[in-house]
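Below are two forms of the same protein chain, given as structure tokens: structure 1, then structure 2.
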Structure 1
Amino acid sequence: MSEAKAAPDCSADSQQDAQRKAALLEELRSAIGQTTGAPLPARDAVNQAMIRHWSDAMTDFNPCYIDPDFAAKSIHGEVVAPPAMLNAWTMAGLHPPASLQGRGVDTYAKLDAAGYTSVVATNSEHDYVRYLKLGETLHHSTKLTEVSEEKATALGTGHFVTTVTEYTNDAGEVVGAMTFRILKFRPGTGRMAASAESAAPAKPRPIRPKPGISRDTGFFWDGIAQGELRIQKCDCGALHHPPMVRCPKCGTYDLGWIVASGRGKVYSHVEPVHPKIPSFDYPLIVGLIELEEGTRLLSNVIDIEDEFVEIGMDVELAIQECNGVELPVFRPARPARREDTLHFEDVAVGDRMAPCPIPITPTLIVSTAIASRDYQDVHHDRDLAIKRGSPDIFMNILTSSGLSSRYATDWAGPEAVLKNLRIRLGVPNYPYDTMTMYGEVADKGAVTNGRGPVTLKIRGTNRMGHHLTGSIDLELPSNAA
């Protein structure tokens, strides 16, 4: 009967709680439709220096952004800003002047006050009316459009808040828009936090089989320890792998080695499925790699799903620790940036974009956050990120957009024109992971004015799952033009 006695108290608590929450939600929702007022100017006009920082940080070397000569002859006629920079121009910066402060949507402040102090961006939908040119000053005005009920998510309990921002130029011309959704949540209330606390101490992981190393093959593994891949080479010019004691071509016992470039191609590949060996992570891809120098090497192909591995695929060396053993492994090379632009007729629905692995380094996370003028501490300060309940710093959403844009135009060519870019975020990109971008042509429209619309479906997948899923509409020149 003690349960029955306890129940009314509990119910009273939860009733109060529910009332409080309902009141908060009502207050928050009362602001729906309100804007931040007259369009607020960006701190700086669109300028080459910020574009160059962005281009470097994202390694997006589309010449329309950074090469005036190329840009002049391009469809744009002059240098344009990367479209995904849209909301970077209007970010407040690290120490904004008083005139630019306090003009944000105050929903965030109210949620902070109610204990929903953590924030994570979940959706970004850009619409590009046209690309921005050097010297233009962007203005922005943001409208609150949606506040969700309180929801329990993996990160924590909180509200999704959606805003729509309109971007205009000095003349009041609308040049773009962004729908942005964030989750404001109570730190420490999510499954992720709970599982981190309750997780049993990790069992010692069985290490992978170690290589047998002899006097004749030690040079190879010494090289791996020093971060280089060595190939045995004879003075007669012959390369040997696996290493030999005597060169069968010229007879010498005096064999040296060279350092391989690390570039190669997949010669064959398999995916062991059964039995699963505890010292390995699955899925596992074993590749026979033909090195640029000519010898072959068995290795792993990492950061790519099996169905995308192809014989002949370009791969690049990464020497890394694999469950206790330092090994040379390979990941697909970043696809070369396309220098001419695909024509509308060159692509068909179902075409796959070559997968593009992006190693997530702390430098990438920090440099792209700063290049996008995002000074949230969780994107550059590990100590503070950890204090806020994150295992490490993580990539900001502007970078997820920027890398998606890069993936699209590296594939389609510099004069592909993005009309929109919509992404939804899943698991974070933490340092030392790799996000591999995958994409395919999902739809094609009708050619008008010599340009044809193409829809790409994209995703960026890291070791924990999908970091981003989304779509991009872009226009390609038509042969009929």
Structure 2
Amino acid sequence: MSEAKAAPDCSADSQQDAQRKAALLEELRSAIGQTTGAPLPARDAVNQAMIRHWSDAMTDFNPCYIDPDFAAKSIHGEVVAPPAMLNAWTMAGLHPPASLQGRGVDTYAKLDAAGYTSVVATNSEHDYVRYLKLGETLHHSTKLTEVSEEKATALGTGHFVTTVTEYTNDAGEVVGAMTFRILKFRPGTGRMAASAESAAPAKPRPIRPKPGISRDTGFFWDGIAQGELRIQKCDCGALHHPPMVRCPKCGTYDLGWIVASGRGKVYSHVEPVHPKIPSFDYPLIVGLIELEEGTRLLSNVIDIEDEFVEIGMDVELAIQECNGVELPVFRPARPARREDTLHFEDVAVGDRMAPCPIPITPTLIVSTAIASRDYQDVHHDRDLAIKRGSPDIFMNILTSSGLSSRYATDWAGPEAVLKNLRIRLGVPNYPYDTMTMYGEVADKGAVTNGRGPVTLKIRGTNRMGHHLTGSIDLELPSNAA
């Protein structure tokens, strides 16, 4: 009679694993309060070339950053660096010199060695004591302030690590600070990965009906395929849409077309709610768009929450692929950058900032990561991003900060002075999506020395949800001054 085999002692393995994790956490937390040593100088002084690179990538053309004549007459008296560039100046770069190697927070390396090799930034808080000027050399010293217990997140199982960096100039004057939190996690251990592996095959979605294309409307759809919005025009000057066989104004059959600018305003809109058709995305906003050229076109309004759609709102053409056919739709036009500066008395608590859509292209993700000197591979290398558990490259938090800063100063004007910027990231910004920024005046303080403090609440939303939420404190000049 054979002996029964003993069952494997799973409890012993679990206990050993718990002990390893506890030992790792104790080792990581033993470094809390430690700094990277004496303040490290940036590789380069604040310079115009790097500012222009940032401004081009972020499309932030505040003249205080790039126009010496304007800046000389501004509150700053000279060109200054965008405040959201604060930590870009001290980034080590793609090939850091030997003097910078081994001078970072070694908590990250220890987590890498323990298998927590993937990383994503989650929180960033900037405090701006003053703006940086050309020629200044920034110094920085980073302190570890917190390491969380192991957390199970949608991305993966890992630890949140928080650091605080202080920035000084050559004279030792404090010019800013940053609190930064990242998640270091094990790739493939998150709820997202588990649900993707176990999910049952999705039922095929009904196909959205294709537009009817005839000999009379072919020119319109040929134009859309080439990125043009073609509107039928008669020799008598009348514009027609939808296209007609004969001009109702003069009776001729000799009809041509013009290329419209693609800009217009919402003349009317409606949101169908019932019955829902499975081949359409909801909420579904249907808008009658009055084009700059004078005619109207029925289409969908996208990349905006329904409560923000208003009659008279500026919109612009976007081409959307659907079921192998490209369709003309409209999104909110990016608000024009304000050339003067709002006064403190011009704004009130509850004022809304105009929605600002930002198409998330691979070029935007890569160029802004490089402009912020962030060479983390998940922001520019799709193959490595996938290997680390992401479906594609994604936007870095330094870009999210830069775009938030741009949104605030485009709204308030070039001489609005940012005092801090605090954002928390949610869902990633992947290529071929659109993030729409929303904001409102949340609070106002008392005028001091001719300037008044204003707090903005902001958020950026894409197809998956909120990419960022946060706040910005800024100062506006007072009329009383």
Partner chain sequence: MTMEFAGKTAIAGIGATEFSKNSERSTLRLAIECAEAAIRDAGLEPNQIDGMVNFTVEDNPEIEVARNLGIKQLTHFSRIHHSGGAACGTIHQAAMAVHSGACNYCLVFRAFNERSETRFGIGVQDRPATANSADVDFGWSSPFGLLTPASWVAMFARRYMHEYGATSEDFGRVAVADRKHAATNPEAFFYERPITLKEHQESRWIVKPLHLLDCCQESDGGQAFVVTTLERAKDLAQPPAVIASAAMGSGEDQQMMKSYYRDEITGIPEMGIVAQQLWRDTGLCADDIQTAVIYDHFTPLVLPQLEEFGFCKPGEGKDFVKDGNIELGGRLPINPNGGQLGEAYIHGMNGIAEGVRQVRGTSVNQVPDAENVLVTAGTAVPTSALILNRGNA
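Structure 1 provides the reference sequence; residues are numbered from 1 along it. Just so you know, these numbers come straight off a predicted model, no measurement behind them. If you superpose the two forms and keep the largest set of C-alpha atoms that fall within 1.5 Å, you have the rigid core.
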Go through 1 and 2 and tell me the one that is the form predicted alone. 2
Large Cα move at A72 between the two structures, threshold 2 Å, rigid core: no
Post core alignment: I213 C-alpha displaced by 2 Å or more between the two structures: yes
